[in-house]
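Just the one chain here, the form predicted on its own, laid out as structure tokens.
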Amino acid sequence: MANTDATEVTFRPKPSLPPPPNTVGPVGWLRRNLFSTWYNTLLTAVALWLIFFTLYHLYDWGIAKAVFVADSRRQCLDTSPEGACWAGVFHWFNAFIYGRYPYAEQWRVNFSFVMLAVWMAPCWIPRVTGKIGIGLSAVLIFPFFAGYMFAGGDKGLFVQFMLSAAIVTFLSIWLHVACCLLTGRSLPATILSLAGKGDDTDPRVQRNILVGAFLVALVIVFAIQMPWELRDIPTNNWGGLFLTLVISGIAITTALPAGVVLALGRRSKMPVIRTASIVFIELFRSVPLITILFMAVTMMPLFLPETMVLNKLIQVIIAVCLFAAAYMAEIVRGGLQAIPRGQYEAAQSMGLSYWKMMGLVVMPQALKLMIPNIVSNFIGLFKDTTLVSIIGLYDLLLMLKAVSQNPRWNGLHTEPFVFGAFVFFIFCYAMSRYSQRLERTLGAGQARR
């Protein structure tokens, strides 16, 4: 009789077979994404042909037949009439970056931008505390240092004071970084410990010691830098990418805080503030930027006393800042409306005042939601600054146009604009990538939309 014990009929699954070779790896990816159907295959073939056609002709024009060393446009045409004349771009490269800024003084521009990068670098060091204060100091104090480095000239008492404050702040930031990395304590805590007041809980004593230390450092730096004076460089000589970064940088820096104030003003319950905010926003949004620039340059002096003459660059910067603030206000208002009503009610139920509710509860959530729109506005603003070339400021666009008007490089149009497009692409792409990284960082724990 056959044995029917359960142990002899136990199911034993066969080992899993490997997937078909044509469904995994690069071959599988190509089949799924490029050749899944006959029309996808056709579109892939057409796209590959267009990419090959474009890259081949770009390589042939821009590299294979290009002229990299020449003294004039005529020499480029004689050497290779069908290739690009990059020699003209190399010859004008310095003018593209600095405009008509004197060659011997261009180190001041480079030094200022390097110092800004060093100033902001602690914001990306994990162990450093007080990053909000470092960022605010870069926005509020560094412009005085950069402004004098760019313009130079005679220093008044106010400029000397702000220049000393900027130097002391910069040194304090890096002393603070050293303290955080070496001892794990902040610079104020280290100063209080050295003064023997590390255990004193009286805030007035701590504040007096810290203010006293800052004033002593300020007096020392003021005395050292007082005889230091740079050569005066009129703003008419500013130009190129340097001028574009100055205008767009100031506009971007001021647009967000001004937009927040205008957006809150538009949602205010006080009629005067609400009406004034609405009028300002709608007025600047209903007029093209080029019109505002012309009005700032030609109309504004008519309303000023004859003895008061404003610098054209300052007029342009004010106009661009006001224009950018109006658009930023609507972005901020949209972000505020995306916050559920329950967040306001929860903050009010905890007894928070209006400003604490907006600063601690509502605005952080709204700003996180607004990151894509804010960066899109910044990118558009960076590109819109090329409009200042119409009113005679030699920004990057006007310097690119100036090449073709030079007798030696007459007719050289394409290569400078290709260079300009590449520069704008680098800056805009960098802003876009950083915003995506910032969005991922601030949106940790939430699904990406």
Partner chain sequence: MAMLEKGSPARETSFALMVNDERYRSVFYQIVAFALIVWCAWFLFTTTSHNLATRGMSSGFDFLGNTAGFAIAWHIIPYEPSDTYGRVYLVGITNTLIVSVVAIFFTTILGFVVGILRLSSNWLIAKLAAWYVEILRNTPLLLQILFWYLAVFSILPRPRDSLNIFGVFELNNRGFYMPSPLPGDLFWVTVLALLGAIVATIALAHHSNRKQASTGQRIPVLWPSLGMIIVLPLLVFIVTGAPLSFDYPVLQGFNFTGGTSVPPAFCSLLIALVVYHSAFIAENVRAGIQSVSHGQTEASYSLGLRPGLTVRLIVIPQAMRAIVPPLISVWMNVVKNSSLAVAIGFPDLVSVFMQTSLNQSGYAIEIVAMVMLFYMTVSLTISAALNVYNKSVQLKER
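Predicted model only: the values in this text are computed from it and were never measured. Residue numbers count along the first chain shown, from 1.
If you look for the form predicted together with its partner chain, you will not find it shown, but the lines that follow are about it.
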Find out whether any non-hydrogen atom of Pro227 is located within 4.5 angstroms of its partner chain in the predicted bound form, and reply yes or no. no
Just checking whether Tyr394 would be counted as a contact of its partner chain in the predicted bound form - the rule being heavy atoms within 4.5 angstroms.
no
Query raised in the report: Is Asp202 a contact residue for its partner chain in the predicted bound form, using a 4.5 Å heavy atom cut-off?
Result: no
inquiry  = So, Thr414 and its partner chain: in the predicted bound form, are they within 4.5 Å at any heavy atom pair?
reply    = yes
Answer among 172 to 180, 359 to 367, 202 to 210, 305 to 313 for heavy atoms within 4.5 Å of its partner chain in the predicted bound form: the stretch 305 to 313
| task | Can you work out whether its partner chain is within 4.5 angstroms of a heavy atom in all three of Leu34, Thr291 and Cys428 in the predicted bound form? | result | yes
Answer key, its partner chain contact in the predicted bound form at 4.5 Å (heavy atoms) among Ile390, Val69, Val27, Ile63: the residue is Ile390
None of Leu194, Met295, Val219, Ile278 but one has a heavy atom within 4.5 Å of its partner chain in the predicted bound form; the exception is Met295
Applying a 4.5 angstroms cut-off on non-hydrogen atoms, the residues of 319 to 348 near its partner chain in the predicted bound form are Tyr327
